[in-house]
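Here you get one chain, nothing else, as structure tokens; it is the form predicted on its own.
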């Protein structure tokens, strides 16, 4: 018999629905199909640094498919950030501590489940000599190299339901409602939930908006007998600096709400969904996506294929080099078919008025 394969699993970065499904997908496949031993590190890369782990078995992985959050915990620890320690110092650097934990446990591979930052760290660990496989997760749908990953569709469902509910109160009070959703650099969540929820204006980081266009569009709606409007805003849209060059201390949704009321005189209210988008049980789509990506990661390890990330190419699960993923962000193309479709239905993206 050959050497028993040992693998580690961690979840890093922000939490999202589907993390437990991914842990289960990796762990159960590794244990049942390939006879591996599986160790889960607590609180992301902090667990590796501090050698804080627990062994996972089939029983501990049962019943977690539908659970939100992560049974391993997570953190935003970035082991390669911060000052490097000199050779003269007796304290090991964080990457050295990670390597020591990896070697002391006799691991054959580390599975890193997370978003862009996690994939970047995973690649650096791979460069340092560790065997690593990545599994992408994201609320923002912005991990490069995969058509979709888990977390996104659950967030779309939550955001869409919120927009649906705001339609009724907006209509009752004849108000303009501004809904801020997640999306620092990419507007996928605002785009999908905005279209699904019937948003009248959708503002995303990839399309530069014009205040005058927004004003004219809302005034045209009023003249056309439409007494209320829904504006869906990605948190990462550009907000002008103050006159002194300093940054404003309020969110994108608050800014848009203020300028709309100032420009139009329309009664305007803002709703910021925030961490609500991260919470709760994963949608059926995200459970399937997470399970598939996790199972594929275990298969890569069984084939001794490292330095890769599980990914979706349309409906097929593939693997791509972490080197291709690290440091990149998948943004919304301005010619995306969904944008074209929404424009044809009269949706405004803040750059031009419909039919212009």
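This one's a predicted model, so the numbers in the text were calculated from it and none came from an experiment. Residue numbers count along the first chain shown, from 1.
Note that the form predicted in complex with ligand F6P isn't included here; everything after this is about it.
Student: Should residue 76 be classed as touching ligand F6P in the model of the complex when contacts are defined as heavy atoms within 4.5 Å?
Tutor: Yes - in the model of the complex, heavy atoms of residue 76 and ligand F6P come within 4.5 Å of each other.
Student: Indicate whether residue 275 is a 4.5 Å heavy atom neighbour of ligand F6P in the model of the complex.
Tutor: Within the cut-off, so yes.
Student: Does residue 184 reach ligand F6P in the model of the complex if we count a contact as any heavy atom within 4.5 Å?
Tutor: Flag for residue 184 set to yes.
Student: Counting only non-hydrogen atoms and a 4.5 angstroms cut-off, does residue 286 reach ligand F6P in the model of the complex?
Tutor: Result no; residue 286 lies far from ligand F6P in the model of the complex.
Student: Which of 206, 235, 270, 200 has a heavy atom within 4.5 Å of ligand F6P in the model of the complex?
Tutor: If I apply the 4.5 Å criterion carefully, the residue I get is 235.
Student: Give me the residue from 190, 256, 139, 132 that has a heavy atom within 4.5 Å of ligand F6P in the model of the complex.
Tutor: Looking at 190, 256, 139, 132 one by one, just 139 meets the 4.5 Å heavy-atom criterion.
Student: Determine which one of 241-249, 225-233, 176-184, 98-106 lies within 4.5 Å of ligand F6P in the model of the complex, judging by heavy atom distances; exactly one does.
Tutor: That would be 176-184.
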